[in-house]
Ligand SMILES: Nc1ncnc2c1ncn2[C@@H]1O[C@H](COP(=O)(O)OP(=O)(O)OP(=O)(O)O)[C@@H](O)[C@H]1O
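Quick setup: one chain, the form predicted on its own, written in structure tokens, and binding and motion questions come after.
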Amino acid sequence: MSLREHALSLFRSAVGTVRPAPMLKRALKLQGEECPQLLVNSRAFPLKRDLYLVGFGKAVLGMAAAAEEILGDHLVRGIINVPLGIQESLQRAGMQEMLLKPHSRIQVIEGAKNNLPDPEALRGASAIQELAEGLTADDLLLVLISGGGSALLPAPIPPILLEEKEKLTKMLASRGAAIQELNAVRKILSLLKGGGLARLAYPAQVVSLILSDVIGDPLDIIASGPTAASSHSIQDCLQILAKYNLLHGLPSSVEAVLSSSPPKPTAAEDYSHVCNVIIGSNTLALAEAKRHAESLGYATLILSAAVCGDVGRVAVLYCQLICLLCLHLASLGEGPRGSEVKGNLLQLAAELDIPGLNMAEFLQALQGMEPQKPVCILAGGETTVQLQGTGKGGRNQELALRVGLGLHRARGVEASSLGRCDVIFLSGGTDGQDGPTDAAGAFCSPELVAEALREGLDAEIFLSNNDSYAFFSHFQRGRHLLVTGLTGTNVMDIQVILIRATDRS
């Protein structure tokens, strides 16, 4: 198998292990007939009266199908908001286990085209709100949450209009706001986010099963925390808007809501009727990919499950890391050039401040790897892109192209090591969607950038217009774009670096 085929196999194994049904079935069980109880990670919740289900997110359709199978006739009614086209996509892919059975008690509403709030998502959010408001103290509400839930649960506080909130979110994203910042603002302007759904469901017992797509798995950030106490205040929201120069010129409706918002978040004790459980994350996906890579004969290390920061700076980190790995395979890692690259990596890691990454420990582990053995480095997380152009792409495609360009440039300087290695870099979204494109991400290598230049295509020009999708589309279809279709799950992004020595001198 080629490096590209191996990288694709590793990505698929990572995604496969965080598919909704296996995770949900590990976490959720039903026991007892006369006095039935819902068991969530061994914690028991008695079913006193009626059991309802709501959900929102890219992985929720598969989660709901598994939940209904477990709950059977105890489930009275359900409403889920899922991405537009996901049922058709899963049907076409033959993934029947992720689809609801005929005559299901769960209503499915599709919306949020291109992962943006729209009227259909708003309709679903309103139906979920109405269901939650009608619950009693003897009811139990099972909430299924995954990444993409923010766009699928839009319920702006009146008089804010959906298009006004969407425009503000787009402006924040285009200026490089991180997902944590986006969600902090969304929560303040929403009826259901920031614990709003849980408050509306009171006094019913609320049990949330959550598939995390956010670094560190913060309950109040995933899908903007509809069932978790918010850690953000109105002051935090104002600081974020000021940071991105958006305080002035806000719609009057947004100004009215901000001026009337309580200064402090709702107290944690107001959520005593809620149980939030993380059932899957990026860490689990990377662990499975590592196991698979080792079975293929790679010496494998996981860099981090929390890679974040500006896509350009993260690309530089990966390029420096690949250069060091090639030096290692050429038995030059302990020389002057190796020491220089290690110093660069330590400085970059300090600047990026990636949670949980100890670069010194990682480099020590790298030093202990067997020379000449092919190497696999795995990572996950979510980078940010500051939009400067009008092109088409996503953070994964842009990251892959930036790494390929960086390696092409480095090869001109480091021919003694990079020239004797085959390298493939893959970055893909586990949800199968990277920006407003049909790709999940892309594969890239220094050879691809060189080939493009021979054909008159300058990768740097495409990057300046944020047009990575157009760059990769110039080549044979499917050759460098990672096209998976919607996967039915979502645990951020996965990066795969594969390197092996060649016989080239």
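Numbers for residues come from their place in the sequence shown, where the first is 1. As the structure is a computational prediction, the values presented were derived from the model and not from experiment.
Another form exists, predicted in complex with the ligand; not displayed. Remarks below refer to it.
Among the residues Gly393, Gly404, Pro154, Pro83, the one placing a heavy atom within 4.5 Å of the ligand in the predicted bound form is Gly393. The contact with the ligand in the predicted bound form, taken as any heavy atom within 4.5 Å, belongs to Gln433 out of Gln433, Thr300, Gln320, Gln205. Annotated contact segment (heavy atom within 4.5 Å of the ligand in the predicted bound form): 425 to 433, selected among 97 to 105, 74 to 82, 125 to 133, 425 to 433. Each of Lys58, Leu387 and Asn466 places at least one heavy atom within 4.5 Å of the ligand in the predicted bound form. At least one heavy atom of Asn490 is located within 4.5 Å of the ligand in the predicted bound form. Glu382 belongs to the set of residues with a heavy atom inside 4.5 Å of the ligand in the predicted bound form.
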